[in-house]
Every structure is written in C-alpha cells, then in structure tokens.
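One protein chain, two forms: both are listed below as structure tokens, the first as structure 1 and the second as structure 2.
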Structure 1
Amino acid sequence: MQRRTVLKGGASLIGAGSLPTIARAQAPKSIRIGYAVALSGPYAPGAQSTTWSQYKLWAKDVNDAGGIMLKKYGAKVPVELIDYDDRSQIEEAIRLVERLILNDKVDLVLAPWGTATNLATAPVFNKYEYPVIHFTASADRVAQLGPRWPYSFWALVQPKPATAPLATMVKKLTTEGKIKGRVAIMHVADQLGVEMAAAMQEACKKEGVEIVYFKSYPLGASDLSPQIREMMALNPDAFFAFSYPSDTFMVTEQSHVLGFSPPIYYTGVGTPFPAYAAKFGAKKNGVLIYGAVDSTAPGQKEYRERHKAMYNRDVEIGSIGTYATMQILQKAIEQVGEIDRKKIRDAIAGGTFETIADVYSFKGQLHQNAWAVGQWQGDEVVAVYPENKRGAKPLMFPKPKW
C-alpha cells in the first residue's frame, strides 16, 4: 500500500515535471472533515436518515477507494470524520462549527441538518471562509443571500421553482380538458410548508388556476379528517399537501379511508421514504412528490446497493441528494488537488458536476434547474419536473383510484 502510493507519486512527478520541487511536500496523513448535526433531540431522526448516514457512507466509499486524490502531492489521502452532536439547538450548532474550525482545525466542515441550522451556521462558515454545500435548507430568501455568503452553496430545490411546475401542470391538464382545474391546497404551519404553499398560490394566480381550498394546519396535528371532508365537499381534482413526514402519512391514510382520491395527488416531505412505500404498498402508485432525483443517473444503482449493505435499509431521495453534495465536494477537491478552501470554493462555484442524483451547476451559489417534482410510478420514485431535464419521465395521469 505504502509502496504503491510512492510509486504513483513518482509517476505523477514525471507528469508534472514543470512544478517547482518545493510543491512536492509530504502529503497530509488524512483530510480531516468535521460536522455538527443533531444526533439527539427532535431533529435527530431527520438528521440521521438524510444527513450523517450519508456522510459516513461517503467517507467509507472514499476510503475503500484509497482516499481522495490530491494532485499536489500525487497521492491519495484518506478522509477522517469528526462528528459532534448539536442536540437540535441552534446555539450549539453555531458553537460546534466554531469548535471544529478553531480548535480541531479541521480541513473542511460539512453542512448541518435543517433550514434553520443551516442558515444560522452560514455566517460562521463564511466568516472563516470554509466552503459548504447546504442541502437540507429551502427558503425563498436563500436566492438573495449569494453575495452576502460567498462560501455557501444551496443544492436543494427552493420553494418557487419547486411549485411553479405544479401550477403549469394543472393549467396544461385543464386546457387539454382532462381536469376541471380545481385546486385544493393544505400545508403544515412550519417554514417550508408555509413558503411552499405561498409560492404555489402565487404560481396558480399567475397561471390563472382556480384554488378552491387553501388552509394550514399546525405541526403535530393528530387528525386531518375534518379538512379532508371539507375538501371533498368542494370536489377538487388536484390536491397539494405541503406536509411533513408524520402528516404526510396521516393525510394519505385518511384519504384512503374517506375515499378522497383526486386524479392529481401531491404530498410533501416523507412521500418518497421507504417507510411510506412499506406502509401504503401499491396505493402509492401515481402520487406526486416534493423533490426528486434522476433515477437513471450513473452510479445510483451501485450506491443504493452500498447503502443497503451498510445500513440494511433502503434510501430516500433526500439521502441521495446529500450524498451527491459530497460527490461535488470531492470532485472540487480533486480538481484543486490540495486543501485550499478558496480554490475549492471557486471550483464548486464554476463547475458542472455529474452526481448520482442530478447534474449540478451553481449560479449565484444556487443550484440551477434543480429537480422539483417526482412521482411514484410502480415501485420506483421517478423525476417528472422540470420536464426538459435529462432523465425526466412523463407524468403518469391520472393517478389510479385507490
């Protein structure tokens, strides 16, 4: 192993003969990468399934392959993860990022979990000029934060582009005479649900689509049947719930029981979870989903197998997206060939990255043309909108009655 590294180093030395010899310094023993996410408290479940499980899987994959190639030293360098528990608290998260940067002096720091935590730690990342790709963060304001935080990148689809295709879809089906175009919207009273619903409302207004029901419900509601009954009386043919996992499960089951089955049925976070598939079986077919990944992207099949081998469970698309951000980071590091955070930042900002989820390119540090809408088709989550992207599948319409 040691010898091979040396040989490889020698080989690239000849290739890079024009470099001054002083650059041929000893390669670092490892690339130290830290992160602070919620490992306990209310955010812990989400952070585990979407975020840190993927960091660990990625680190294992990288180290199984010998490490990340650093051109400057002509050697593959393994990564070493340092993890902290932010206990689902903002104040802790801010402090732990500082701890990683100032005390542990890690080479890179990865993003935490959740919109609030990502936004609250962004100033710290940017103060110390640590490039970071935020994934589990979606808020309208993010689009304007580029110049303020040049080291922060935002990879997830944001509320406006996530909902615009939905309104267009309803409009198109209405003009084709397939539906009457009566839209019912309900949303959870939390930041993402509220911003998604507001963006959807605006998009519908722009498209001239009629909204017959538009109401929120509190986070932690334990019954949504009064709302479903009220909607059923209004006879909508497109239903959109901007929901969180527990309410996604609940509204779906209660729709089954009450027989609420409009031809367009969309639910939010939680819809693509393996637990959702296990719970609802064949009834999931045709349900539309918040966010998506290109299921035909190169490497995704192998990734799913590695994930299953490591965790003994299936993945959800959010995890695939998180893993993709790690691939972007890795490619940027390899392109730069050393741990130079300014150069890595520029490489992310300027590059186009093929990953297991999507092809990423950032403009104003915001991922452009991100996947917005997916759909359960058979036993698979496929990407539907934006329809002009590689890997997009045609919409399945109507959703089969349940």
Structure 2
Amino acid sequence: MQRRTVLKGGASLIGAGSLPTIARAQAPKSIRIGYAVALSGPYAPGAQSTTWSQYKLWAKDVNDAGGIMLKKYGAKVPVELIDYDDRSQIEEAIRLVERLILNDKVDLVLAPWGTATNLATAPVFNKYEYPVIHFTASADRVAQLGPRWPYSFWALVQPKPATAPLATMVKKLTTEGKIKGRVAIMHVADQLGVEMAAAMQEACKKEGVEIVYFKSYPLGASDLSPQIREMMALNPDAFFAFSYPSDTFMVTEQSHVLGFSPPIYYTGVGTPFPAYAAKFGAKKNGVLIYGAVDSTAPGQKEYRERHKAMYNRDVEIGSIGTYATMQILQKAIEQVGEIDRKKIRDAIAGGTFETIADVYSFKGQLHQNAWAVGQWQGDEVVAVYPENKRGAKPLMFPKPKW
C-alpha cells in the first residue's frame, strides 16, 4: 500500500502571477519534496504525531507565505509534497526513497520515522547526495558514521548524552540521601530501545549506580505487567523505560493499576504526546521524558496556535523538533538561493539556526549540546537537562505518588 499526495499553496501560486515575467519564466513551478514515512504498522502512531503531520504543516505555512525565496530567480517558489507509506518496514522505506529520487526525481527528500529506518536510509541519501536532517533517530554509532554520511545530519540527542544526565541525577540524589539509588531498566527490543538501555547501563556503571533490574521486551508486546511485578518486588526508587509510543502508554497504565510509582519515573517515546496527557491527566505530573525543547524559543507560541488550528490538538516536543528541522532546511535553501543540494548541505553543516525548538549547530553531523531530558510539570512539558541551556527548569523531585 502506497499513498501519494500533492500539496500546493494556492495563495503562493496566485502571488507568483504578480512577479516579473522573466523571473516567472526562469523559476521552477515548485520545489518538489518527497518522503517515505510509516502511515501504517507499529511505527505509524509516532510517525503521525511527530513526523509527517509536521511536514504538511510546514508546507502549508511556507505556501501561505508565498513559497520559499530563491534569490537566483528573484522569486518565491511554492512547495509540493510527494509522500509514500513505508508500512513500518525498513526494506520498503529504502525502496521508496530510491523511487522518490530516481523515478519521481524530487528536489529534496525528508527523513522517515524511527531510529532503525533512519539509519537504514541514510546511506541511500548519501549515495545520491540528498541532504537530510534526521530527527527521530538516536544511535551512538552515528558519531562514528557521521564522516561516512556527510549528507545526513542528526538533530536529536543521541543515547550517551541522553542517558548520562539521568545517571548523574540518580547519583546526586543518592549522595544527598534522598533515594537509595536502586535503578530498574526495561526496554523495547528495537534499535532505539537497545541503544538507550545500553547507554544507560554504561552511565550507571560509570556513576556507581546500582541496577537491580535490566530486561527487554519484544516490539509489539501486549502485556508488560509481569515485568512490572518483578520490578515492584525489587523496590527500585528509579525506573527507566526506553519505550515506543504504544509501550509507553501500556507501561504507564499498568504501573497505575499495579501501584508501581517510584519517585523517579521515566518513559520513552510517546510520553509528551497530547494523548498521553489526556489519558493520564494529573498522574503524568513528574514523569521524565526523552528529549526536550526550549519552551521560550521565539515563534513557538505562534506555531502551537497554527498546529492547533490545523489538527485540533496540542503539540508534543517531538513534533516541535521535527518542525524545527524544516526551518533549518528552509533557511539553508534561502541562504543558497537555489536548489543546489551540495550547497544546501554545506549551508546546514556550517550554519547556526534559531528555531522554535532550540538553537541548532552541527559538528561531525551531530547537533551540539542537544536537549536530553524533559519532564511533565503540571500541564506543561519543561526542559530539565542539560541544566545550563536557555529555558532549562529545575527537576521536580520526587514525582507525586499515584
């Protein structure tokens, strides 16, 4: 099953009619941008909330403003989106990316959803020299692969810097006598879960933090209550689930039912989703989150309003981060002034970009000093670590009991 959608902004096309004839004749009719993202399968909930919804919102925003300015032609050019469903299958994602490049001959390609799919498609983007900013991907080997994949940029916090602050936090609270420092870790047996759990295990070892439980569960698991009961018997005071959206909801709900409520409670992908807040209400208060964004960043308030108007739901930090990558891409295109993929790649590599999520700059293809940890505090997700970044808020400890 594949789906192909074309999105153009009528206002931008009308606006182009008022441009000088020579600019209108030389400029392309549109900037054709494609992507293959999970519209079905286990990755679909995350992809819908975090990824393709933001591509469509960004395209609407661009076209409502008349398009992207290409100074080579002295004209704004509208965006045209072409999308396919990779069905949460890595082989299908690779095939569709090549189809977009070789058959559809798109000008640019956007990133898929999920660590495994992003890692699998990155060599394809680099083979054909298409610059891509990956957001929903975290793997420590990216630091080594970066030089091999110069057209791929990684905007999300990677496992080691994502977990190091968590181990340091546990160590600090233990030293202060606030907890005993007994940690329980569970993770989905998929790329991100495996990487994050391994990094957390290493960070805890470095800090001298005791891990009393460490187990995985299969992707698509339907019941995690047996593992929760195992952890409860060990009485940990810090719990970390490196989970995907469906698992995140399940482990939280089953923790509520069973009364598993340690003072430090962390769940992975899906925790900042509006549906998570709607389902768990006040019980979400104090839950720690993978990644964060700067809630004070310029333009974020207006973005939230546009998102609400288009989708009739609140945003989550992943969607803000994905939209930010589109802002980076747009600024790089406008800096170059034409669709020259090598020049766009170089502009991203050498630039510093203020966005609605953070200030981004890339070194070795990785975003420097990315947000690592957020937390539900009341009805807001706030950024907690690194503590020295603009917009960081103090940790809420302990998490209220449920």
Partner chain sequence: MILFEVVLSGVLVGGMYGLIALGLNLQYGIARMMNLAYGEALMGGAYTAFWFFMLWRIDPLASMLFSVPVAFCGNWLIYRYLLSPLIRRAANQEILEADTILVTFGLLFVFQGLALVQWGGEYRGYTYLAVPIDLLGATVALNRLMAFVAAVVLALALYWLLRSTRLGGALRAIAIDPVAAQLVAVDVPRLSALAFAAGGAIMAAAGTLVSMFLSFNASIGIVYTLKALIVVIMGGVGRMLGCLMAGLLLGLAEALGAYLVDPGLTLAINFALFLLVLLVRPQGLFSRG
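Residue 1 is the first residue of structure 1, and the numbers go on in sequence order from there. Because the structure is predicted, anything quoted here is derived from the model rather than measured. Between two forms, the rigid core is the largest collection of C-alphas that superpose within 1.5 Å.
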Note to self: form predicted on its own is structure 2
Worksheet entry | Threshold 2 Å Cα movement between the two structures at Gly364, rigid core reference | no
Core-aligned C-alpha movement of Asp237 between the two structures, 2 Å or more:
no
When the larger rigid part is superposed on C-alpha atoms, the smaller part turns between the two structures by a whole-degree angle of 11
Core-superposed CA shift of Leu39 between the two structures, in Å, is 3.5
